[in-house]
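Presented as structure tokens, the chain that follows is alone, the form predicted alone.
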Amino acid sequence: MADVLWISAGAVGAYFGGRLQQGGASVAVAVRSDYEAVKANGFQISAAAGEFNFSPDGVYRSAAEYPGTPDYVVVSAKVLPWINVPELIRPAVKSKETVIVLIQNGIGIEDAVAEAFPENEVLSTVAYIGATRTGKGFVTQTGSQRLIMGKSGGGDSEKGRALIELFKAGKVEAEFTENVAYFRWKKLLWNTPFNTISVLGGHLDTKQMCDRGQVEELCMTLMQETAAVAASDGHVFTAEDLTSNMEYTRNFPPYKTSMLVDYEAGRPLEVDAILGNVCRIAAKNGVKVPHLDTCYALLQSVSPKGDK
């Protein structure tokens, strides 16, 4: 049995952690605001496939309280400037055999962790899921529940493939890839334009952004600039890829992006992970991205401060 410590187990962590436990892993969690509720009753999850309860094998306020040496430390915290992931997980990473798994948005999010723990394997994971915390210990999941995992820097990973099999046993659509960076850029092709414009455009849902007018043109321009940065980083997407992205969004039932949901709830936005790091890579590689630069400045100015 694999021992897993899940750090910052919010809505995404509660759902995937519960499924991982169903797949045969021992899953403990570190939670902050929901500690008392989860300690008493676990997580109550209303999922697309039916309701279930996730009673973690241990509930702690921080990694420092975890008594053992986990096989995997999983992090699903928001990517925000004041959340220092290496320091968050350091008390639990007691062995070079512990694998660090990041299930977070954006590009370049693995660098600080890899630098802080050079002897530990780091697995980078792209998640496709609609999961919302609806109360203390209560989570609602809709739509897909998919994970794409790969070794940071590329290549194969025996421990990564083993973890994927546990997720699959818990009925999660999961796959291992030897080129996870490609899939991070692929998700950014959608996240960068649609998350950004949903907020800056004034509470727009996906249907309103696919209006075949100026808003859609701006979304496509941001997507094209993101694709140019991805190409400079070695990951090429075609014009057809971008058009398919737009058509997929147009034909999907209208919904609010996760960034817009956070904005309306007064929570801080993952501005740097989704937009800022793209702009920095563009500057480093000499790619001109005037629309992305403008949107980055504007999004920073409207992002709620939230709790630090």
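We number the residues from 1 along the sequence you see. The shown structure was predicted, so the numbers you read here are calculated from the model rather than taken from an experiment.
We do not show the form predicted in complex with a further copy of the same chain, though everything after this point is about it.
With the partner removed from view, the residue among M220, I83, L200, A231 that has a non-hydrogen atom within 4.5 Å of a further copy of the same chain in the model of the complex turns out to be L200. Of the listed positions (A169, V236, A112, V215), a single one reaches within 4.5 angstroms of a further copy of the same chain by any non-hydrogen atom in the model of the complex, namely V215. Residues A127, I148 and K151 are none of them found to lie within 4.5 Å of a further copy of the same chain in the model of the complex, as judged by heavy atom distances. Per the 4.5 Å heavy atom criterion, a further copy of the same chain in the model of the complex is contacted by stretch 206-214, the sole one of 176-184, 206-214, 83-91, 97-105. Shown alone here, C295 lies within 4.5 Å of a further copy of the same chain in the model of the complex, counting heavy atoms only. Heavy atoms of N285 never reach within 4.5 Å of a further copy of the same chain in the model of the complex, leaving it off the interface.
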